[in-house]
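Just one chain follows, in the form predicted alone, and it is written as structure tokens.
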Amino acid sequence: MKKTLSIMVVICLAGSISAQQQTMDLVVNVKKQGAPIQSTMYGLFFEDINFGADGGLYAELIKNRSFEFPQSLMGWNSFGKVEVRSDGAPFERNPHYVRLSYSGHAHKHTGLENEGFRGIGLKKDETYRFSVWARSAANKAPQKIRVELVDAANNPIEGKELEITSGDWKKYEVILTAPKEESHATLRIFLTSEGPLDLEHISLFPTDTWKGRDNGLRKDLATALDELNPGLFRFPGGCIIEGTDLETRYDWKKSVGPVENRPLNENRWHYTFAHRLYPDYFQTYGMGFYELFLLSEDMGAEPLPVVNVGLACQYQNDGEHCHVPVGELGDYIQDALDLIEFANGATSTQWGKVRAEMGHPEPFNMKFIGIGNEQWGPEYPARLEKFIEAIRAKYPEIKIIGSSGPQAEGKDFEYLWPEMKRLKVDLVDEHYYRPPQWFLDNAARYDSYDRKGPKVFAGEYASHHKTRANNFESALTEASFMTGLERNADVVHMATYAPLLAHVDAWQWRPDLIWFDNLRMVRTPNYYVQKLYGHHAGTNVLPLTWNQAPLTGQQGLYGSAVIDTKKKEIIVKLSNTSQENRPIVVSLEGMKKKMQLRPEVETILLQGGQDEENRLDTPDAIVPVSSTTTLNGSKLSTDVKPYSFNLFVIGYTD
């Protein structure tokens, strides 16, 4: 009896192994080229959260450079005789400045120290541009200050003297060179003459910024964004568009013009979460709409600015009294119209002239505008309708993006989609921050969407593991879900992961695509998923089937296929969420006689442990690995490794 039982167990195990190793025959029909894939399909969404702008992508190293924080010297330590004043400042919107005066004793120094954003990051032998607007007070010219870089051990490591030669406000600069690497330096300023001396807009930038611009972006972070090959760039948010209240909403008009005269704005994220409190988190608007349009242009991405619809954040404001009445939206609607003029208008127009004076006479050729963010209820369409009427009347070519609310399903979602159809928006912005399993369960989400309605913009999404980590499980489930976006490119025209950036020492929300500190950055596994899709988007969808059905999780596999008629490539994307190896054969069918397949196939593998992450100290734990394999005629025989995302790039001539 025992011998018979043992034989049966062996047979069952053998059968199980055989089933696991059974080859899956996948078919790509090359003849049936489907929907075109929009150039905007895979893009970026930037919001100033997690110190993403000031202290992050914006390369300014000085916190509270114009002394406009509610506590005027927040971020600064003062010594000697330092006074914050607001009479006779050079910039109307930033009225505060500091006066440095003689301390009263030859051995007592007067000056300031700035802590930066969780320290100031300095790279060995790199140069840094210190600038300040200054004047000699009481007509005592010239005056002098000494500017020093100080390391974490309080040792001055570089310093230069700067002479202030006028009693009128002028800008002065000096270049400092860091003799060593330091992640938590400070900036120190001494008054080295009798004084008094007035200082305003004290700034420190690396000279090596993105594109070498003075008021520039942090080069490593901007480079990482550019490497994603984004077709779309949505900005500036997100919830900061709404503000905790309307007074603190993001106002694009305050973010353009001379950088010294852009007023401070309270960042709605600085005290939203009591457990992640950052009362020193503000927006200088230094990286404003002009700089964001420039970044879009630099990356070759379509700019998608979003404006406030007259609603404050509905999570934080309950009741119509918190919002702009429908009949009083005139200024908000005009802001939207003026934004289009700023981006696209001739230099003879009011806002086109502002753009030209900032250095860009050519239009930015903006095609899209988002109205509102995560709004819900009848309050939203009532206001959105007024914007649509005005924009359609003056700029009918602009595509308008509405919202389906903060959730991917439920009462608000079900209410808003019909409203978006009624209002005839061009695209509907859907958001989903969900557990990994949700992304697998929704890989076929758009298979049954209305093909005649507005198109979909997956404007904010991320797979939220229970630890909120950027582990490989989150990346793999996103890759699996994105096969469904790609397969339904006739419905889905845009998709952007969110949030984009996070400082390891000052974050409010996770997961995030890129993590950084003052000197380093790390590309997450999620980043590499976005990069692989962005660089292999294709031009048209091709049907990929198993047993004549789309591959939406059968045997743990998710897949899509595209053709790139410009690069002459057929690209197959396969995600294996199981722990089993999956032997497959991909058959390319329906090829025209003149189409000749190249025998060598590029394969790209992204694979890792379920909980594995890339960290600042181990940034390359999970990275794409390229290799080659060979076609057998029009068939590709290979294995899809357990827990992996795979691309197969098949070249052809025609």
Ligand code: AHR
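Just so it is clear, the structure is predicted and the values come from calculations on it, not from any experiment. In case it trips you up, residue 1 is the first one in the sequence shown, and so on.
This protein has a second form, the form predicted in complex with the ligand, left out of what is shown; the following refers to that one.
*Asks:* Only one of these stretches, 250-258, 286-294, 420-428, 234-242, has heavy atoms within 4.5 Å of the ligand in the predicted bound form; which one is it?
*Replies:* Careful reading of the contacts points to 234-242.
*Asks:* Taking heavy atoms and a 4.5 Å cut-off, does residue 45 contact the ligand in the predicted bound form?
*Replies:* Yes, contact at 4.5 Å.
*Asks:* Quick one: does residue 525 come within 4.5 Å of the ligand in the predicted bound form, counting heavy atoms only?
*Replies:* Contact check for residue 525: no, nothing within 4.5 Å of the ligand in the predicted bound form.
*Asks:* I'd like to know whether residue 509 contacts the ligand in the predicted bound form, with contact meaning heavy atoms within 4.5 angstroms.
*Replies:* Taking the distances in the predicted bound form, the answer for residue 509 is yes, it comes within 4.5 Å of the ligand.
*Asks:* Report yes if any heavy atom of residue 460 sits within 4.5 Å of a heavy atom of the ligand in the predicted bound form; otherwise report no.
*Replies:* Residue 460: contacts the ligand in the predicted bound form.
*Asks:* Which listed residue (380, 472, 269, 533) meets the criterion of a heavy atom within 4.5 Å of the ligand in the predicted bound form?
*Replies:* Here the answer is residue option 269.
*Asks:* Which of these residues, 498, 337, 137, 400, gets a heavy atom within 4.5 Å of the ligand in the predicted bound form?
*Replies:* Only one listed residue qualifies here, and that residue is 498.
*Asks:* Who in 374-393 is close to the ligand in the predicted bound form, meaning a heavy atom within 4.5 Å?
*Replies:* Stretch hits: a single one, 374.
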